[in-house]
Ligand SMILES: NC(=O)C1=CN([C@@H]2O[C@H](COP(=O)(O)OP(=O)(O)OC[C@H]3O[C@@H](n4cnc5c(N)ncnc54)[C@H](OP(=O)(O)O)[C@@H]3O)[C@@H](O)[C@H]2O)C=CC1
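Encoded as structure tokens, the following chain is the form predicted alone, with no partner shown.
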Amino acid sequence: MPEKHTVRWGILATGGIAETFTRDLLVDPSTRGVNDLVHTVVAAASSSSASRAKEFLSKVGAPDSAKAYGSYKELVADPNIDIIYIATPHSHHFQNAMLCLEAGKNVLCEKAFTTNAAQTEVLIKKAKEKNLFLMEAVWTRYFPLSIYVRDLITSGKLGVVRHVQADNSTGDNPEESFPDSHRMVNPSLAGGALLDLGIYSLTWVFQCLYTTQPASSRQAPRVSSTITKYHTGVDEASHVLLTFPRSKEQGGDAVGYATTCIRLASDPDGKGSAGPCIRIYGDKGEVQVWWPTFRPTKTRLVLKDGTVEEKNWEQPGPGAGSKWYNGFNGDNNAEGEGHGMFWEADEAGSALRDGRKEGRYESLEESLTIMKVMDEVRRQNDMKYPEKIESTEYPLEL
């Protein structure tokens, strides 16, 4: 048996996504075939009170030894933490990540990485200056399903992939679901569909048309976009057409269409009846991916040679009979089924063990390129956030 490397985590913020991540984090990695890592939670911090952090640690089943802090400054000062997971709204990622990096802590930061590309550039520079690991927590990229799709592309099984469509639309009634102060629609929290939901559509386009290309030939795409604005000034829908330059030898330019909408639904009946939300087209066939875009569990491969192959990709976990549950926003998965956030934790953990400073399936350069695309979408559609949360000044009280 390989020697197990223990990864000691600090959790910065105690909201819903932090709870889902931490529950997954504490599942025995051997349940998903990972036998050389162990994750533990050393501490968590709430910006409101230590008692809230203590309640969080109890709720997620953290070790009794885990410390509860009432400020992020106390958390980053804890010498026993190897890496900090940042789970605050996008608007606060830059300030929170800088706090961690300045304190010498490795960082896994929730998506979208920051509010804009300038902030991401500063974080990358700081991480390199401090020789620290930094990764955007785009969990979907680390699913075995996503690795399978990318392998279909790089192996040539689909032929030359020329077009990708990806939709992540949630079918909410925003006026009823979200008060104007809610992070989904509040400009002061970098709200709107683009950064929160649209990044998943962009992730699928990029991981199929950019990540799969040799690093030496990757080029940022040309961007054309339109958005529908919500009454708070953020977008409730965004539609982004990306043209990735390719040489004639590579088959010519490839095109990706990434769309997202709060009000419409990719999966209207919740049963998959609407079909795939992602389609990846090559000249030898296509692969389809079913909803949810961010946590897919079904693919269908259709090739010109007559091959039709459906796969179900269940998320592992403690299993039925364990009385263990995880999910998001009060919507639990089946008993014993993980949510899938442990895959990105494993990637971060293996990077720390091996001395890598970024993730294998989304480089810091690619994260920055995607942030630049989102900046351009906002520029084209005159969507701005308050100056304070767009700033690269640090420290800055938000």
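Residue positions are given as counts along the sequence shown, with the first one as 1. Predicted, not measured: the structure shown is a model, and the values here were computed from it.
In what follows, reference is made to the form predicted in complex with the named molecule, a form of this protein that is not presented.
When the named molecule is superposed onto this form from its pose in the predicted bound form, none of its atoms lies within 2.4 Å of a backbone or C-beta atom, and the site is open. For the chain shown alone, residue 373 is not a contact residue for the named molecule in the predicted bound form, no non-hydrogen atom being within 4.5 angstroms. Mapping the unseen interface onto this chain, residue 196 counts among the residues with a heavy atom inside 4.5 Å of the named molecule in the predicted bound form. At the 4.5 Å threshold, heavy atoms of residue 47 reach the named molecule in the predicted bound form. Among residues of the shown chain, residue 204 is not one whose heavy atoms approach the named molecule to within 4.5 Å in the predicted bound form.
Note on the partner interface in the predicted bound form: the residue among 42, 57, 351, 341 having a heavy atom within 4.5 angstroms of the named molecule is 341. Just one of 32, 52, 357, 67 comes within 4.5 Å of the named molecule in the predicted bound form, counting any heavy atom, and that one is 52. Partner contact region in the predicted bound form: 92 to 100, out of 245 to 253, 232 to 240, 92 to 100, 207 to 215, criterion any non-hydrogen atom within 4.5 Å of the named molecule.
In the predicted bound form, 183, 189, 196, 200 are the residues of 175 to 200 with at least one heavy atom within 4.5 Å of the named molecule, listed from first to last.
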